[in-house]
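The chain below stands alone and is given in structure tokens; this is the form predicted alone.
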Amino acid sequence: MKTICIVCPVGCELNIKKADRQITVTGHECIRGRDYGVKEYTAPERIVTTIVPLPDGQGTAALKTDKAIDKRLVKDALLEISRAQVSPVLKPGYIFIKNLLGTGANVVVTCINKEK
């Protein structure tokens, strides 16, 4: 498996292989890259970010999870977020959805952009 490490700005090109229950990562310049490669191979996770419309065309709200969730749940997470009603009076930092899909991650408001 080949991937790009996203832990730091270097963007090392990682090669990840599994043989005899041993995961080997090459191409990393630091230990964080090696650890990222193992995690990406065994249990990939992502922070979910999205923008949702405010009611009546009043603008948009930017939302994100406060921690990474299993990559396989991203589509379901976005669907769940899209079903919720966002209020234009919310402020950045407000927990919009607690424990998204039972992952332990909360969906937090990061920005409200109101139409002028």
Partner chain sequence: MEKYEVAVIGGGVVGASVFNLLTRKGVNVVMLEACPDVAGGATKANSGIVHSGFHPEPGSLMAKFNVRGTQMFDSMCKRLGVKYFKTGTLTVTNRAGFSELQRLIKRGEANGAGHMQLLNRRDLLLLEPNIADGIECGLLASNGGYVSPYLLTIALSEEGVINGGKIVLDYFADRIEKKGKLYYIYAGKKVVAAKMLVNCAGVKAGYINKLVGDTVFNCNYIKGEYIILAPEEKDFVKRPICMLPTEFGKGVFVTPTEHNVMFGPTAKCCKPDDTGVEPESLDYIKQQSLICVKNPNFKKAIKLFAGVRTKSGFDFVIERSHKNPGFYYAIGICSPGLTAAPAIAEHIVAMMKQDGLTLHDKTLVKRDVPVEFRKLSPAQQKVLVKKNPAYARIVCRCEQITEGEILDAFKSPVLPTTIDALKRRLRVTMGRCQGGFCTSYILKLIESKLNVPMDKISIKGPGSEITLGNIKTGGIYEN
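Residue numbers count along the first chain shown, from 1. Because the structure is predicted, anything quoted here is derived from the model rather than measured.
Only in words, not in the display: the form predicted in complex with its partner chain, which the text now covers.
Trainee: May I ask you to check whether Ser87 falls inside a 4.5 Å heavy atom distance of its partner chain in the predicted complex?
Mentor: Answer no; every heavy atom of Ser87 is more than 4.5 Å from its partner chain in the predicted complex.
Trainee: Considering non-hydrogen atoms and a 4.5 Å limit, does its partner chain approach Ile31 in the predicted complex?
Mentor: Heavy-atom contact with its partner chain at 4.5 Å: absent for Ile31.
Trainee: Lys75 near its partner chain in the predicted complex, any heavy atom under 4.5 Å?
Mentor: Lys75: contacts its partner chain in the predicted complex.
Trainee: Does Val52 reach its partner chain in the predicted complex if we count a contact as any heavy atom within 4.5 Å?
Mentor: It does: once its partner chain is placed as it appears in the predicted complex, Val52 has a heavy atom within 4.5 Å of it.
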